[in-house]
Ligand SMILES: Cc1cc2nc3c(=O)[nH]c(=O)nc-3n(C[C@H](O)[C@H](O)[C@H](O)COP(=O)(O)OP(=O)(O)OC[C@H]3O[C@@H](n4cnc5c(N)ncnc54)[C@H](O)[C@@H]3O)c2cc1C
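Listed next as structure tokens is one chain, alone, in the form predicted alone.
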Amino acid sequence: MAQERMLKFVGKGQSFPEKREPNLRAEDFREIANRYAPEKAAEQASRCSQCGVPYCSVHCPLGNHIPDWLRLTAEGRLREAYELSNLTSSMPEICGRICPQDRLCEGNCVIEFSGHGAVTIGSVEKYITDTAWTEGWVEPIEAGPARGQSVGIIGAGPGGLTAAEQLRIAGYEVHIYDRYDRAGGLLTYGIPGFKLEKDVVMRRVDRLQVAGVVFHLNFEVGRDASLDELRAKHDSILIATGVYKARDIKTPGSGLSGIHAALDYLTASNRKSFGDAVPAFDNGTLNAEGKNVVVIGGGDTAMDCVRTAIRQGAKSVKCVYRRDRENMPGSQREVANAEEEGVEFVWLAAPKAFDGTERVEKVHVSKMRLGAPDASGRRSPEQDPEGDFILDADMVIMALGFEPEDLPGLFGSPDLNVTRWGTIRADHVTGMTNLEGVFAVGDIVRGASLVVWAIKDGRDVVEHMHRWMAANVRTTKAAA
């Protein structure tokens, strides 16, 4: 029986099934989870102490009214709970799945402080919104009275999609331009389906299309139109591209076959799940099956890579990270999940060289130790003279984070100001760049960050875009 193969829930007081045996089929897991979800949601919601100072809400970037919708859930008033959740979050079911709650709301739960385990806020958030979709409570977007003005959004990730919804409600014509063949950005191609089912993303995209948002996919700004050409076409522009350029390290042997960027690997896997033809997966290049896989990095993307490799049937999966577990940037919950699934973590280690004839065969690893704290307060890793070691590897995945691309060059807009890190320089209140009527949000301003921050930025910028367009409608039209 599938039910008998369910693993016990992990974490003190945690009652939502987040782990499953590798041989438990996805449909089995979902059927079991759905069967017990109502009682588990109410059980977890009732654990909320309704404390005087809601630290969970304070540490939520969106300022979600968490204790209030937990109380409504505990009382069985799910529609009201959903409506309250939806007031502050444009994608609550997505945040419930992928937010690092252990670093945000759940990590600051008073129940957690008391040693009894946090309320599983993310699981309840996911449940009430999934229920809303099932029951038909998620209403179509109602576009406001037409204003006769249009907005061009560059990037169909969480920041761009969120802003598009709010702008459409305000009555603006909205066009989204994205380089990929599907909208969603990293939600679609960068996050594995076992964490974020792709139909969950696509139904949000479909809802925007029904509301009249126009998507221009396979569209590259700079190739198909310059930024100036889009500015002439629209009353305002929002840049929400995210950051996609993979960080790299100059290591001997890094040009060997079998060494891949994390996003290339994850995109191939996600495309395969859509049913796309993926030659690089089918010929084994981007498929971990039967291979000794070494993932370099310690963030959430690295965790996505190691857990995907496990699911593809890798022979072994090792994660090499230069700091220790306590200083790892990724979610500790994700680390625990990966360990349970068979991933081996190699702490205080960094690649020194890659070896092989034509393909990578071994990774030469240097032992590291933590030295003095850097400017951020984190202890800097330094090489440990005690010695090095070698790991067997048929596939190496570089998950060292992401950096901005050269947008002024790509967009054919050399006058667009960027910081020394390559992120767009935008006003920290209004989000406007140095170009009149051009705004920017999300990772392309912040640097690589969380989806929830992109959603917040997308919601916040709309008010400032609206004010600017209201004050500059005649000037903008004259310039066009």
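Computed from a prediction, not measured in an experiment: that's the story for all the values here. Residues carry their position along the shown sequence, with the first being 1.
FYI, the form predicted together with the named molecule isn't displayed, but the following is about it.
Undergrad: Consider Asp355 of the chain shown here, and say whether it contacts the named molecule in the model of the complex, taking contact as heavy atoms within 4.5 Å.
TA: Asp355 lies outside the contact set for the named molecule.
Undergrad: Can you tell me if Ser449 lies within 4.5 angstroms of the named molecule in the model of the complex, counting non-hydrogen atoms only?
TA: Looking in the model of the complex, residue contacts with the named molecule include Ser449, since a heavy atom lies within 4.5 Å.
Undergrad: Taking the named molecule as it sits in the model of the complex, is Gly330 near enough to touch it, meaning that at least one heavy atom pair lies within 4.5 angstroms?
TA: No, Gly330 sits far enough from the named molecule in the model of the complex that none of its heavy atoms falls within 4.5 Å.
Undergrad: Counting only non-hydrogen atoms and a 4.5 angstroms cut-off, does Leu167 reach the named molecule in the model of the complex?
TA: The answer is no: Leu167 has no heavy atom within 4.5 Å of the named molecule.
Undergrad: Name the single residue among Leu256, Ala211, Ala350, Leu410 that comes within 4.5 Å of the named molecule in the model of the complex, judging by heavy atoms.
TA: By the 4.5 Å heavy-atom cutoff, the listed residue in contact is Leu410.
Undergrad: To verify the annotation, which of these, Val343, Ile154, Ala118, Met395, has a non-hydrogen atom within 4.5 Å of the named molecule in the model of the complex?
TA: By the 4.5 Å criterion, the partner-contacting residue is Ile154.
Undergrad: Residues Pro100, Gly160 and Leu266 are flagged as a possible site; in the model of the complex, is every one of them within 4.5 Å of the named molecule by some non-hydrogen atom?
TA: So, yes: the whole triplet contacts the named molecule.
Undergrad: Only one of 359 to 367, 128 to 136, 378 to 386, 234 to 242 gets a heavy atom within 4.5 Å of the named molecule in the model of the complex; which is it?
TA: One stretch meets the cut-off, namely 234 to 242.
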